[in-house]
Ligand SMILES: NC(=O)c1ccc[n+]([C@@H]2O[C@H](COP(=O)([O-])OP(=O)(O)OC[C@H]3O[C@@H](n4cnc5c(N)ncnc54)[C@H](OP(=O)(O)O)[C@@H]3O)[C@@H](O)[C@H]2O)c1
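In the block that follows, a single chain appears as structure tokens, in the form predicted on its own.
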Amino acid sequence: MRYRKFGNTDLALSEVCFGAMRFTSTADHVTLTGERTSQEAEQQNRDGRRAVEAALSGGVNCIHSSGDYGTRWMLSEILAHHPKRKDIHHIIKMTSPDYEEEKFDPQVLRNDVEEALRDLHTDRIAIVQHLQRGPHVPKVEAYAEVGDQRRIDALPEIIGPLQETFAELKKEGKVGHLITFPHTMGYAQAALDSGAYAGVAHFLNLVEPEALEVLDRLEREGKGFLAIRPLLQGMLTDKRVDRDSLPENDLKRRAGWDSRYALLDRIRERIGDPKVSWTTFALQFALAHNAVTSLVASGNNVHQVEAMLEACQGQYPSRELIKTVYDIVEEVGMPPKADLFGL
């Protein structure tokens, strides 16, 4: 496992960060084709436990979790007596203001941190990922220009109490760094302009490469970046990259994936298929820029974790290839984000 500094800080994270959104049968942000039996659910939980343990054994030293994922109970069980518990850097998500809430609530930040400290059996949360959905932004406007502008306009009022509360928690030794999780690159630039954030967490993959717009700036300013969903919910893996080979009941056959596969086809026409596996290539693509500290990837079983760890041993794509992919997406247009978790 290789490690990278989080910007100019002394925090060194493994290139793979275990994403705890989907690895148990109780995950709230997962679309299913049907009901699972109790035996299937139990097997998924066993696989998920082994996945976390394999990641930690393989050198992964950071875990990304949230109280609203419905999976933290498993992390709590695993970490309660794990020998590497004190070596893990935790990243948690905090949302305030939410969609139609009026303002930032300092108590939400404090409650989320205290809950994570307790559940994860740790003394410090390394990174708090701030997701500002509001104020007064209905969910249907979450990715619309009007909603985005409303968030940006509210930033000056939010930053003060946000920084004050975070500074108090930091003084208490409970948190390390604050980063932004923007809906758009316009908001990302505004958030960075505020000076409140030590970095950015955002989607970065072959089909959704817009975060490349801010990576050079982050590198110049000594700030970190976490690449989220590098495999695009499994689409960019060997198992699902060729859509025609999927069974008819596979979720990737749904209409919501049409534009994503169409864009991927254009990319493949231009750059060809990689010499390594698609899973490896997609993960390496997300790690190729120097500003990327770690990629947040979900491994639901040991095989998936091993594939992630193996990808970090190779050579990463060139800046030229990265730019080629970005230019293709700019030319075709990136698929909408409004249906992120409904696919």
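In this text the structure is predicted, and so the values were computed from the model without any measurement. Numbers for residues come from their place in the sequence shown, where the first is 1.
The form predicted in complex with this ligand exists for this protein as well; it is not shown, and the discussion that follows is about that form.
Out of the listed residues L232, V241, I125, L178, L232 is the one that sits within 4.5 Å of this ligand in the predicted bound form by at least one heavy atom. Shown without its partner, this chain lists A307, A54, A27, A288 as candidates; in the predicted bound form, only A307 has a non-hydrogen atom within 4.5 angstroms of this ligand. When contacts are defined as a non-hydrogen atom within 4.5 Å, none of T9, G199 and F225 contacts this ligand in the predicted bound form. Contact annotation: V16 falls outside 4.5 Å of this ligand in the predicted bound form, judged by heavy atom distances. This ligand in the predicted bound form is approached by N300, whose closest heavy atom lies within 4.5 angstroms of it.
The closest non-hydrogen atom of Y261 lies beyond 4.5 Å of this ligand in the predicted bound form. Although the partner is absent here, Y316 sits far enough away that none of its heavy atoms falls within 4.5 Å of this ligand in the predicted bound form. In plain terms, the part of the chain that comes close to this ligand in the predicted bound form, with a heavy atom within 4.5 Å, is 233-241 out of 110-118, 170-178, 233-241, 263-271.
Within 4.5 angstroms of this ligand in the predicted bound form, the stretch 279-296 places a non-hydrogen atom from each of T279, V296, taken in sequence order.
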